[in-house]
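As a starting point, one isolated chain is supplied in structure tokens, in the form predicted on its own.
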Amino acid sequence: MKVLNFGSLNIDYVYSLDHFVQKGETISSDRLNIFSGGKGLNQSIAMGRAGISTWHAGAIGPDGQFLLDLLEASGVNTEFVRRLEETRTGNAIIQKDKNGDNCIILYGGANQSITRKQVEETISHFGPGDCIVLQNEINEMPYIMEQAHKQGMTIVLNPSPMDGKIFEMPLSYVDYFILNEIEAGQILGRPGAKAGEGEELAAQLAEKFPGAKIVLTLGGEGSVYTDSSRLYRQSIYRTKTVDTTAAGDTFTGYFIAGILTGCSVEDSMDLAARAASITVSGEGAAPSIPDMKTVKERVFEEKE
């Protein structure tokens, strides 16, 4: 089984601040770091470092070669990434506060230059039994999903960043939704959904999409898995938080890796929670994503 991640590749500019900038406010940054990033790249790196056969498809500008070098060093195949000469690589402006929380502004760049020809040529190399992983940081998403569905691929969707484009996608084709409470509430038409409603939101998503499996991440409250027959709740492994930027992407990548290597849902959720816990204890997005050896060898306190 092969995994194709058709997703974003970003350069992250991370500004360390005392607090997030407010309307009309000008503040100084303590530090600027430049990292590789993008939800697509992060998830591919997580899957590559978890040891599963992963191909990344997307686009970069002339400033993005180091992103491909990092993917390849993490065991990810990059033959389906287009190199564009006149378009800048996508980037993100990330504010990180003293507590390790973040807020992010995205610029699409090359991520918004995906063509239907690229989609068709890429997906023609995959078929039934293969898996495609998607986010909402590139263009042509509905067409990608349609072509993947025609090829009989298993479709995993992380609908982030959540916006109106999600509702243009053929969501009935999705086999796995991996999302947080805010995104779940928006898909369900409940934008005011609050923390603590995780199990209810997961159940409602499973009812709305009866053919799909739902993985709902709940931040410090852990995560929930549900499908047509069961619900499972996973706790977190507590650690010192340095940077939460790629925690969700690490969780996604390791959960997929667990499922595709034959692990049970319970073991896959636990594996993902362990990996995400390691990620938040490191700095930067992709650089903080652990490999499988690190995840297996790390000794944690009891999960909460």
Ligand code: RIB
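None of these values were measured; they are calculated from a predicted model. Numbers for residues come from their place in the sequence shown, where the first is 1.
Keep in mind the form predicted together with the ligand is missing from the figure; the text below concerns it.
Heavy atoms of Gly48 never reach within 4.5 Å of the ligand in the predicted bound form, leaving it off the interface.
Gly37 belongs to the set of residues with a heavy atom inside 4.5 Å of the ligand in the predicted bound form. Contact annotation: Ile182 falls outside 4.5 Å of the ligand in the predicted bound form, judged by heavy atom distances. Using a 4.5 Å cutoff between non-hydrogen atoms, Thr245 counts as a contact of the ligand in the predicted bound form. The stretch in contact with the ligand in the predicted bound form, judged by heavy atoms within 4.5 Å, is 103-111, chosen from 170-178, 199-207, 147-155, 103-111. Between the ligand and the residues Ala92, Ile187, Ile123, Val81, the one pair within 4.5 Å by heavy atoms in the predicted bound form involves Ala92. Taking a 4.5 Å heavy atom cutoff to the ligand in the predicted bound form, the contacting residues in 1-20 are Asn10, Asp12.
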